[in-house]
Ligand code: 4AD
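Before any questions on binding or motion, here is one chain by itself as C-alpha cells, the form predicted on its own.
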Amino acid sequence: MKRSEVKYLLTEGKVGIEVLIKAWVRTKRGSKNVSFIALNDGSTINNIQVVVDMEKADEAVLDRINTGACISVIGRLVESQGSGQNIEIEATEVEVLGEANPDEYPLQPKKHSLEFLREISHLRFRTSTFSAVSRIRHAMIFGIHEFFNNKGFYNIHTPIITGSDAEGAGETFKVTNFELNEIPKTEDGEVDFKKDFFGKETNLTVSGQLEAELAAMALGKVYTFGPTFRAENSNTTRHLAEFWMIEPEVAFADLDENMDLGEELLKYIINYALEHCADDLTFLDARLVDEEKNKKAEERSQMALIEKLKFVAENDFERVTYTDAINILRNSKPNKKKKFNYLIDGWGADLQSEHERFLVEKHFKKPVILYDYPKDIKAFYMRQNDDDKTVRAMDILFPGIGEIVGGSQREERMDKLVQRMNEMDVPTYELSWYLDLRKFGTAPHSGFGLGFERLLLFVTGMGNIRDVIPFPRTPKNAEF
C-alpha cells in the first residue's frame, strides 16, 4: 500500500478508505479500552489522530510508543468523535519504526523555551513552531524564484570564495589551505599568499553584488540568492555570521525603478506567504498572541501577525529622503527627551535600528523607503548626486525589523567611481575587472540586497534571527 501524507488525508481523505501513514508521535493518551495517538509527518502543522482499540492491539508494541517515536499505521479513515478534527484513523495495524526513550528524548509534550531549543537545533524541526518556520522558509524561497522568473530575470551563481570585499568593511572570514602552524612568510615577515591555494588572499563572500553587476551589464536583469558571511562579533537578535541574501541587479534602472522593484518584491512575497502558508501563519499568529500576554502593554505589537502582513501588502510604502528623516528624528520626543540610545544632533548621522523603527512604527506607521543618504556613510559603488554630499542609496525599513533592504543606483561614471575609491582607500588594481564595466559600454544600473532571514523574521513573527535559519552561525557557535 502506498503511504499517504497527513496533509493530503486532512484535506482530501475520504471516510471509509484504508490508508497507510508513517509519522512521528506527538502525544499518546488513553485508557485501558482505547489509546489516542497524535501523529505528524511534517507535511502540515496539523496532526492526525490515530485511535487504537486496546482489545485488538498488541500491548507490547504500544508500550514502545512514546512521544518522538516513529511509527507506521494502517487503518480506516472515519469521522472523528472528538473536537478539533473532522477525521481520524481507526488503526488495524501498528508498527514501531523507531523508538524514543522518554527518559532521554528532550522534546516532551510541554512548552520549551526558544533558548533551550537552539541548543538542540538538530531536533527542533520536530516542534510545531520550527516545522512551521521551516515550511514558510521553503515557500519564501520558491516564491522569490517565481517572482524573478516571471519578470524575466536570470539567476546567477556568484562566487562564495572571493578576493574582494564588496562592503569595504574588512570583516571577512579568510580562506586558506595553509597549515596554520606552518604559514609561509615573505622576507618582510608578511604572509606569503602567493604560496596559498589561489595564489592570493581570499575570503568568504560578503555579497554577490559586484559579480552580479557584471552579468546584468550583459543579460539585463539578474539576481543572486546565496549564502553570505560577515565576521562581525555581534550577539544580537538581528545578526548572523552566515545568512542568505537576494540581490537583483538591473541594467538601465535608476533609483526610482530600484525602489519600485524592492517594494513590488516584498509585497509579492508577503502575499505569497498569506496564500500558501495559511495554516502555519495561523499557528504562529496564535503563538505570538500567547507570547504577548506576558509583555507590558507598551511593549506589545500594535497588530497581530496576519493583520500586519496584510497591512504591509496592501499599503504603499512611504518614500522619504534621509534629510527629511533626520529632521523628523531630531524633532521627535524620544530625541528631545534623550530616550534614544544614539541621539540625533545633526545631518550625517548613521541611523541606528531605534531610529529606523521610530520612523516606521511611530511616525509613519507603515514601511518606509529612505533615500539619498550622505556619501560618507555609504559604500564606494553608489552613484553620487550633483550636490556632492549624497548618493543615490535607498533602504527599506519594516516594523519590528528596521532595515530589511539596502540598495542603490550604482556609479556608472568611471571618473567618479575611481575618485570615490581613492577617497575610501579601495584599491583600484584589485577591482580592475569591476572598473572595466565603466570602461566598455557603461550604462546606468541599480540593485539591492534583501536579507532573507530578516524577511523571515517579519513574515513569521519570530523575535530572534537565530530561529528562522536551521543551524545558526554566531560568535562562538558553529554546532551541527
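Everything numeric in this text was worked out from a predicted model, so none of it was measured. The first residue of the sequence shown is number 1, and the count goes up from there.
Beyond the structure shown, there is the form predicted in complex with this ligand, which is absent from this document and is the topic of what follows.
Put simply, residue 407 is close to this ligand in the predicted complex: some heavy atom of it is within 4.5 Å. Using a 4.5 angstroms limit between non-hydrogen atoms, residue 319 is distant from this ligand in the predicted complex.
The closest non-hydrogen atom of residue 255 lies beyond 4.5 Å of this ligand in the predicted complex. Contact check for residue 230: a non-hydrogen atom falls within 4.5 Å of this ligand in the predicted complex. Remark: all three candidate residues (247, 381 and 448) come within 4.5 Å of this ligand in the predicted complex, counting heavy atoms only. Put simply, of 118, 238, 76, 112 only one has a heavy atom within 4.5 Å of this ligand in the predicted complex, and it is 238. This chain is drawn without this ligand; in the predicted complex, the residue among 21, 25, 9, 465 with a heavy atom within 4.5 Å of it is 465. Stretch-level contact analysis of 448 to 456, 28 to 36, 61 to 69, 433 to 441 against this ligand in the predicted complex, using heavy atoms and a 4.5 Å limit, identifies 448 to 456.
Along 182 to 215, these residues reach a heavy atom to within 4.5 Å of this ligand in the predicted complex: 206, 207, 209.
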